[in-house]
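In structure tokens, the next block holds one chain alone, the form predicted alone.
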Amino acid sequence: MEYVYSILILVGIYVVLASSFNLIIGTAGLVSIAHPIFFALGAYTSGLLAIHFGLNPIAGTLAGAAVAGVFSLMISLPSLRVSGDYLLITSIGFQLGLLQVIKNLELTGSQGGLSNIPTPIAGPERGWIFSLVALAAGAATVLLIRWIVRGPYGRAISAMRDDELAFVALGRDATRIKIVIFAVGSALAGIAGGIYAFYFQYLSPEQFEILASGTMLTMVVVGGMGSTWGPVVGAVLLLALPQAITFLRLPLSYMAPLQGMIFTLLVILFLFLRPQGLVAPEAPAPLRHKKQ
């Protein structure tokens, strides 16, 4: 039963990650692949605060989200003011650079990873409580993003993404919207990191490398970029796929490369054959005028 609970927890975590990543690259059209590093920032911040200061899980997770949101400004402030392409370059450099810091910093456990993260819940009820928390976080993330996208702010985001020059010509601040959306998406990834840290109680730098970026991108593309429910479908589908691969009983040295090849192939196929993904993006909510 613990195995089932761990799968449900991962589903909730990756729904948060895929949905928040989709908010950045799908809804706002910002080209970045550094989402796993904000996941890492939330996880390591929560874990370190719990280990060294005994911070409770809720406060630790919120602190991780805040740190991820603040660190997102280190990417967005300099790069978004120039060009969207610079965001991709900056995000790659930021992810690789910060991972090297984590791998070589004694505070974070270096290459060996961060272990002995205290768990707030012990006993047989631990699995189902964390499952509820993770799934509730996933549902709350989807509803929050749906509320943002379908409201007036969402229409402004869509207008900026579709024609930024016209949007700026109307006197709107496109850079400010980009920075806010990037920070919100990064903070949500930090929340996912906190839940991950407190349940699994161990963090390794290898969990947050480029392969993790590819996994999240695959979830968004396959599910439906720009769709509210698409990343949910993509996360569930691609979390079930590795479980199916395990039935092949291949050596562990082949499992990760095979998973990476399958995810890459899925992205290529969906980009060419069904670019809208399994779930097509919803039409924006119409403007409502008050009766005179």
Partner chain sequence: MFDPAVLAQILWTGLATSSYMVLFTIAFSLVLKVMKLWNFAQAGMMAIAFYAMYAAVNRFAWPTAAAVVFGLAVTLAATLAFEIWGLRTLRARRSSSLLFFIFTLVCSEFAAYVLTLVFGTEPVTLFPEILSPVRVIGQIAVSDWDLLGVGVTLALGIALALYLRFSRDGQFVLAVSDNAELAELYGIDAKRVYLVAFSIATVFVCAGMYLYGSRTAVIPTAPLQLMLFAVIATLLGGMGSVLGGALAAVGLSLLQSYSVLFIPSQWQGLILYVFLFVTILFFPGGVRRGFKAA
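Given the structure is predicted, the values throughout are model-derived calculations rather than measurements. Numbering follows the first chain given and starts at 1.
There is also a form predicted in complex with its partner chain; it is not shown, and the following applies to it.
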> Just one of L49, I33, L62, L238 has a heavy atom within 4.5 Å of its partner chain in the predicted complex. Which one?
Replying inline: I33
> Tell me, which of L135, I129, L107, L88 has a heavy atom within 4.5 angstroms of its partner chain in the predicted complex?
Replying inline: L88
>> Against its partner chain in the predicted complex, would L265 count as a contact residue? Criterion: heavy atoms within 4.5 Å.
In response: yes
> Does its partner chain come within 4.5 Å of any heavy atom of V221 in the predicted complex?
Replying inline: yes
> Should L217 be classed as touching its partner chain in the predicted complex when contacts are defined as heavy atoms within 4.5 Å?
Replying inline: yes
>> Residue-level contact is defined here as any heavy atom of the residue lying within 4.5 Å of its partner chain in the predicted complex; does L143 satisfy this criterion?
In response: no
> Can you tell me which residues in 195 to 214 come within 4.5 angstroms of its partner chain in the predicted complex, by heavy atoms?
Replying inline: E209, I210, L211, G214
